[in-house]
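Starting off, we have a lone chain in the form predicted alone, written out as structure tokens.
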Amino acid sequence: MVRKMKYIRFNQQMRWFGPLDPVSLSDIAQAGCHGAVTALHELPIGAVWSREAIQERKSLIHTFGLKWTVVESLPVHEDIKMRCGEFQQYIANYLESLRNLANSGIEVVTYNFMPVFDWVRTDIAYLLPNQSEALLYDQEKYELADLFLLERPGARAEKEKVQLERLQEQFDLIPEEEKQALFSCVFQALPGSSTALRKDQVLAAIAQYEHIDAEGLRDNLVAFLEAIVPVAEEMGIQLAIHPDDPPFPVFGLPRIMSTEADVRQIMSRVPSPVNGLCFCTGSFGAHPQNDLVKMLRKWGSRIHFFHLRNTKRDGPNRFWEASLLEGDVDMYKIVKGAIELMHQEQRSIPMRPDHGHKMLDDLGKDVYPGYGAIGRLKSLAELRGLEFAISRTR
């Protein structure tokens, strides 16, 4: 008698922004998730995460029958990215936080190395034909914000005279309230916050990177990893870097995690297995050069966390968050490749649906852009169905 192989499935997660998140732990538990992906969002960037604070948050999550094994994110202080100021102290703090997280049962720590901005969008309520709302990045709208709202030094020099004149004419036609809305959208603060940064704050933060190019930022990332990887190895923590979002330069700032070539450099320069990826199909998928199926096959052993979302490109550096099964990313091949990877390596990889549409009852609620309950629940249901169907054909 032939025994059927036991299927290894995704470790299904949902992101939660803490006690003030309008999407509750009860909502996440009712969605059937195994755990909540979260962070101590209330702490300032660079502060030590104490074991007491971690355990308190973990106990709250456990109250709802959920686990907390994935942190997103343990943010990296700008001093570390620039390797200046108090970067050594902030690295020491990061190491202490890693130890405290490991001792509390955390297995994966997600982070990014994007200067100043965690992500940039030009519309957080892009109206789709079915009247649901999606996140949108439009290069032309970004340029209007950069040139005429932020008035970044050097931005005009990057454009031809004809381009500047055309953009100026377009900007002059925009009503004042729309200009203000564009600024608030583009210069939104960290995930979990609805507060827009001030113009002077943004300009000051960008100015600090004036003498740091992509090579310099990459060297700083490697130096950071060389400092923390030995502790991650010792404590059994997997490090998962999130790709750039969007995967191309903004505001004159360098980008170093946008393409497969970027991944290859970081993975080869710090070859430890704990130095891995948060494989975000939306961020990588928004760059036309990336073949996500090939990337999954090549770097599968270094993937510690999946963000599964889809994007649709309809112009140079313009994309919106598409329905999970309808964008440019072949989600069937991605999920199939992930299932094959998990069986080959005999491990369940954490996964969460990302950037759902704002739809149905969520349209009248104040939720963080991309993180309403219903849109993500729709994506989770589609992923479960896809995973189940693929598993049955193995």
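Note that residue numbering begins at 1 and tracks the sequence as displayed. Predicted, not measured: the structure shown is a model, and the values here were computed from it.
This protein has a second form, the form predicted together with D-mannose, left out of what is shown; the following refers to that one.
- Across the options 82 to 90, 267 to 275, 114 to 122, 144 to 152, residues that bring heavy atoms within 4.5 Å of D-mannose in the model of the complex belong to 114 to 122.
- Here is the short version: of 220, 259, 139, 73, the single residue with a heavy atom within 4.5 Å of D-mannose in the model of the complex is 73.
- Within 4.5 Å of any heavy atom of D-mannose in the model of the complex lies no heavy atom of residue 16.
- By the criterion of a heavy atom within 4.5 Å, residue 307 is counted among the residues contacting D-mannose in the model of the complex.
- In the model of the complex, at least one heavy atom of residue 110 sits within 4.5 Å of D-mannose.
- Remark: residue 362 does not count among the residues lining D-mannose in the model of the complex, judged by a heavy atom distance of 4.5 Å or less.
- Counting a residue when any of its non-hydrogen atoms is within 4.5 Å of D-mannose in the model of the complex, the hits in 348 to 365 run 352, 354, 355.
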